[in-house]
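Next up is one chain by itself, shown in structure tokens, the form predicted alone.
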Amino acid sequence: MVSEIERRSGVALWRQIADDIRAAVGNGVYDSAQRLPTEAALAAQFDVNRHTVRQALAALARDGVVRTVQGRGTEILPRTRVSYPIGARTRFSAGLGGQVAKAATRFLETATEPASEEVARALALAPATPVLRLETIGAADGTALSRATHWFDAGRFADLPAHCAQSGSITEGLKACGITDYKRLATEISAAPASRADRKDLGLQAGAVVLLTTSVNADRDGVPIQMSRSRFAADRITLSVRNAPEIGDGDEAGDG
């Protein structure tokens, strides 16, 4: 059976084949064999020459999806996703607890700007109210999992950037600002192809997919305090939505 590829799409055939194989691996198509068909079989499947197949396999090898072993063919490398729970209390380090040795937040940028209509609405602020914008990367065992943007009322949380820089955690920074606990009001989840910025920040290759979340957290009184927009590497993490309240605090890195 010949797999469909777009020959006049402007996307190189080897890249399309690599993306098709990557998707098949992610969907468990080859789980029983744990290796890909031969180059000749793949060339026939995609109706291309073996050189094009080799280019696709080389790209997948660079991405850590497969490896070619002399005499054994092309093996699929095991890849374990971590599970990130989204519930009443969503905390990055606490959510990854027991799955990784170390979860950490890296703060990239802090700025004060007028709230957009979306941010103002989410935080129950007047349009153009000054808000703090924090840019972060959440990592586990040295591997980037998420790239996030967080917004806070600048008047209420003027000292938050300094506290976050000192503690390395948004949760701890909020505690220093008097927010001892907060809960998730809403989370929206979608998916999209990784952008150029995603590939740079998360170390992804062309054709990768990111999971997108937009979330709002509120204090004990139900007042919105934080809006976050996060982009997770889809091949490294699974988002697990939990209905039951979660107990315990932890570092906040990826999803607000």
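In this text, residue numbers run from 1 along the sequence as written. Take the two forms, find the largest set of C-alpha atoms that superpose within 1.5 Å, and that set is the rigid core. Small disclaimer: the values here were computed from a predicted structure and weren't measured.
Omitted from view is the form predicted together with the DNA, to which the following refers.
Counting only non-hydrogen atoms and a 4.5 angstroms cut-off, does Thr74 reach the DNA in the predicted bound form? Yes, Thr74 is a contact residue.
Distance check, Arg199 to the DNA in the predicted bound form, heavy atom within 4.5 Å: Because no heavy atom of Arg199 falls inside 4.5 Å of the DNA in the predicted bound form, the answer is no.
Is there any non-hydrogen atom of Ser215 lying within 4.5 Å of the DNA in the predicted bound form? Result no; Ser215 lies far from the DNA in the predicted bound form.
Ala12: heavy atom within 4.5 Å of the DNA in the predicted bound form? Heavy-atom contact with the DNA at 4.5 Å: present for Ala12.
Just one of 186-194, 206-214, 51-59, 225-233 has heavy atoms within 4.5 Å of the DNA in the predicted bound form; which? Checking each option against the 4.5 Å cut-off leaves 51-59.
Is Arg196 displaced by at least 2 Å at its C-alpha between the shown form and the other one when the rigid core is overlaid? Yes, the C-alpha position differs by at least 2 Å between the shown form and the other one.
If we fit on the core, is the Cα of Ala206 displaced 2 Å or more between the shown form and the other one? Superposed on the core, Ala206 moves its C-alpha 2 Å or more between the shown form and the other one.
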